[in-house]
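Encoded as structure tokens, the following chain is the form predicted alone, with no partner shown.
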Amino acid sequence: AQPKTKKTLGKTGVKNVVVVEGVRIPFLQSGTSYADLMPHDLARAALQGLLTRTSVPRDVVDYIVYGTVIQEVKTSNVAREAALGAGFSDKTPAHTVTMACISSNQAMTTGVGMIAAGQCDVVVAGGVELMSDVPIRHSRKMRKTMLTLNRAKTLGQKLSLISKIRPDYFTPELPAVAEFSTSETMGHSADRLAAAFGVSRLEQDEYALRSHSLAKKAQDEGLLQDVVPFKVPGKDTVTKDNGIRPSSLEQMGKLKPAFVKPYGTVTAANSSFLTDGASAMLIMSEEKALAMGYKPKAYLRDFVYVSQDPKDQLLLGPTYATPKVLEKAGLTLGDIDVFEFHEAFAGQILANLKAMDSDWFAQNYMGRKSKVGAPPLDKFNTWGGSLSLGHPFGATGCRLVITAAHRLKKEGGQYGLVAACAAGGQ
């Protein structure tokens, strides 16, 4: 085989930005070992894991950015609380971003922008999600009553307000994994998407089984080097992801549809599960990394964000983003050695692969002359994905990037492409 051209994607006059290291605590099914913790505890553990692995002096870090989706009310800027808890300098600013399932992608690209603009040389980016404990609110009527009660001065006013409370005031408000603009849950949308692209239940189950089998193999072979152990206070040390469960097509076939009943094809087995976890990544200018004696794992070269109609194209972000980012970088799909796509649902992945491989879709929906092509499966999520490893909403982006970097090194590849869909049709 001809050796690949060693075309560099460096830009004149812009600093090279590199990944020095990326880690994550084990991703666990919600309601298991992390159930009694708070999000900043998980984020702190990931940050401490990064410090331990890199020995980077804490005061060298110029800035910290974290992504999260369902925010704990007490720690709304979870980046700052986690950084202080992990022993970073109180002089290091930190902020938190939210962009659904691509929150830590946004954290990383924010860091890339800061370094490229000359604002910083060393940024820590990461993400965290704790689905074991989510904010459950009183109803709007009850909140209003309580706030008014707070302002009431006399006993008479207080008793008058209390007397107006009705049983329905006590109905709690739960956070929903649903689109605010359409009120549709993501699972329902995934089911419609799979139907629109003719993706069968069997195809989805087969893809989910592939994800779990590849994740198990990667875990057994020690390939998931980004995982750092976490001593859970009052419990044991957690060392590995606990959602990897290769089943059989027969077992998976017995499950009922989870969202569109009774004829839907999306089930608990071919969807990502609710997950607790956190990730952290050390990003530097190449110059700074080399001056400090680090050997970079990868260059972060280009990125693009897209958004579509959240009703009918909620989960098609990768299809729209891939040709754009390839064009920006001057590459074709065939140049890419490693693909890491976020697996929200098996049906969503398969629908995206079909859309990417369709000239008709490219011409009618994307305004392009021809399709970009579907990534070959032998280069695609070969160490498992969100269906098996888990998907803590705010933390997955960093996992995708560091996995792509590790796979490039192991496989001797040059270019990796990471993509993810997110709520809001992004």
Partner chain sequence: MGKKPNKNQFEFIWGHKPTDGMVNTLSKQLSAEFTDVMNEIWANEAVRSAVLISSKPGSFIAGADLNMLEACKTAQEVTQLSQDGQKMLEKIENSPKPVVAAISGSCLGGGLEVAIACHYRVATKDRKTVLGTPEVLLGLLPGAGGTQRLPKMVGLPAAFDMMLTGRNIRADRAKKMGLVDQLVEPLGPGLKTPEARTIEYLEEVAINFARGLANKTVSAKRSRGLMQRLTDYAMALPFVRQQVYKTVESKVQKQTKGLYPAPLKIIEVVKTGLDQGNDAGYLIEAQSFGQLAVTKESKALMGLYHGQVHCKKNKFGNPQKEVKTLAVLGAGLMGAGIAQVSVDKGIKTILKDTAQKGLDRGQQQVYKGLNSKVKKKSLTSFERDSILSNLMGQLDYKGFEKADMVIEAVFEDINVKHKVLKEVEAVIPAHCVFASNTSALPISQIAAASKRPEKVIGMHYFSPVDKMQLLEIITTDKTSQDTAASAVAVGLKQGKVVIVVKDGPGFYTTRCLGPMLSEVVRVLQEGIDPKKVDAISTAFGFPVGAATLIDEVGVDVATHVAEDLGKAFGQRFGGGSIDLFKLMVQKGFLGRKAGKGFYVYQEGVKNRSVNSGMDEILQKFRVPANPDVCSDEDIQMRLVTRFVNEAAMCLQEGILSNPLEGDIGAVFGLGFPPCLGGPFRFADSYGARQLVDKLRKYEAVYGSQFTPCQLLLDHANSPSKKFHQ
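Numbering follows the first chain given and starts at 1. Computed from a predicted model, the values in this text were never measured in an experiment.
Only in words, not in the display: the form predicted together with its partner chain, which the text now covers.
Here the chain stands by itself, but in the predicted complex one stretch of 185-193, 213-221, 69-77, 295-303, 185-193, has heavy atoms within 4.5 Å of its partner chain. Residue contact check for residue 180: one or more of its heavy atoms lie within 4.5 Å of its partner chain in the predicted complex. Although the partner is absent from this view, residue 341 stays clear of its partner chain in the predicted complex, with no non-hydrogen atom inside 4.5 angstroms. Its partner chain is not shown here, and in the predicted complex it never comes within 4.5 Å of any heavy atom of residue 288. At a distance threshold of 4.5 angstroms between non-hydrogen atoms, residue 197 is in contact with its partner chain in the predicted complex.
For the options 231, 261, 254, 166, the residue carrying a heavy atom within 4.5 angstroms of its partner chain in the predicted complex is 261.
Only one of 133, 335, 173, 312 lies close to its partner chain in the predicted complex, with a heavy atom inside 4.5 Å, and it is 312. Within 4.5 angstroms of its partner chain in the predicted complex, the stretch 354-378 places a non-hydrogen atom from each of 354, 358, 360, 361, 365, taken in sequence order.
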